[in-house]
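The data below hold one chain only, encoded as structure tokens and taken in the form predicted on its own.
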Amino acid sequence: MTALDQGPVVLDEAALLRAEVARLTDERDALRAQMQHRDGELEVATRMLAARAQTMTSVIDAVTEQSIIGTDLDGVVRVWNPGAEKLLGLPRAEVVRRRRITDFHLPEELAASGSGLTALVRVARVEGRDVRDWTYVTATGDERTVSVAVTPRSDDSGEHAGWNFVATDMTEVRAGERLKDQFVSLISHELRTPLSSILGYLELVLDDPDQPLTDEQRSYLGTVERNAQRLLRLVGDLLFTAQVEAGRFTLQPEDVDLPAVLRAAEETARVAAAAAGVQVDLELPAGGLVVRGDAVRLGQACDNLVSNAVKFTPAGGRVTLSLRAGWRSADGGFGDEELPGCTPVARIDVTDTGYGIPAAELDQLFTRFFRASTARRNAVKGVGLGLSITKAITTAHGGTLDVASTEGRGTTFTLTLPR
């Protein structure tokens, strides 16, 4: 074959090469344009992240009344705001990446709750948050009582990167509370002795066969006795709340027959309910239901709930006490059938058709001396101790106390106990 015969083949190959080069050139230009576009997007994203970080830093730095400390997974400090500097007396440069959060805690306090960082984050690791009192030690060695909110800290990719500790100095507040509790305890003790004496002499006078009383005298002294008993119960409640706050509240555990406890609560409330025109119903399981606990304290808790329900229900209303055995799931749900991960519980419901409680006040309901606005408007007697006492008793038994209420339609208190 001659060179002339090969000419078209060579020309075709050259054309193909030129076309391939052109295609590759177009792809290169497209890739370059795409890279430039991505570079622009990356620059914008970087500026936005920097601005967000600057905003977060400025917000954290603006907080001066709360200590905000952020740590990595090992507890090494990475965030230290002006509030932390003010509370603990150390500048940021001396702490960040140099100290651990546990350096500012009492070692014996940490040891009593676990060990090191684990003691601080154990609850938050399971529940996502935790708020409790701890003792911070300042640079000068002073001890400050702080309420610390612990939450997990995430990095920009959303991965768990450490912990946030937001602390509020409660030293003066807690000192004031202790003084108040000491005062309440002292006054209560001082009142109990003369009240016991008054009630003793009243009993002698009322039951003296040698000097019988007229009906009018007996009526007057009966009024005195009822009010003295009421005052004695109030003194007992004050003493109990002081014991709870001081950590001196103890239980006498035994097997407790819950149906018997509820029958006693219904019987105790029966006279007051009848006088108020309120019907009290009792719904108990066919078989017995026994839990481990303090029978006296559980009886006190049920008495408080039933008494409150009767007081909050106008004439013609109804109060229902019910008891059920069941299973509680990890998220707090209740069911009649055992499922994986559930724990056996006994559930007591006290439901009334009374005045109800405003939704905005439910969170304060278990606070000492708090009284709902519906109680004040309807002249319901009380000083606001019964529910806080019931909550303390329930918590001491490892149980929960919940409330659901609709103003004007009634309230249900649910006391759940492990069995």
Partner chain sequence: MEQPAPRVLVADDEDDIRGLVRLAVRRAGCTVVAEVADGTAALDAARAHVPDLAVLDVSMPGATGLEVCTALRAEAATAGVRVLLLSAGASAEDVARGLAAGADSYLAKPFSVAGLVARVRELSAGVPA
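Please read these numbers as outputs of a predicted model, since none were measured by experiment. Positions refer to the first chain, counted from 1. We call the rigid core whatever largest set of C-alpha positions still superposes within 1.5 Å between the two forms.
This next part talks about the form predicted in complex with its partner chain, which is not shown.
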Among 274-282, 67-75, 199-207, 86-94, which stretch has residues whose heavy atoms lie within 4.5 Å of its partner chain in the predicted complex? 199-207
Of the options A260, A139, L232, V224, which one has a non-hydrogen atom that comes within 4.5 Å of its partner chain in the predicted complex? L232
Ok, S157, T214, S115, Q252: which has a heavy atom sitting within 4.5 Å of its partner chain in the predicted complex? Q252
Is H189 close to its partner chain in the predicted complex, meaning a heavy atom pair under 4.5 Å apart or at it? yes
Taking heavy atoms only, is Q243 within 4.5 angstroms of its partner chain in the predicted complex? yes
Is T193 one of the residues lying within 4.5 Å of its partner chain in the predicted complex, judged by heavy atom distances? yes
Which residues, if any, of 305-319 lie within 4.5 Å of its partner chain in the predicted complex when only heavy atoms count? none
With the core lined up, does the C-alpha of L186 move 2 Å or more between this form and the one not shown? yes
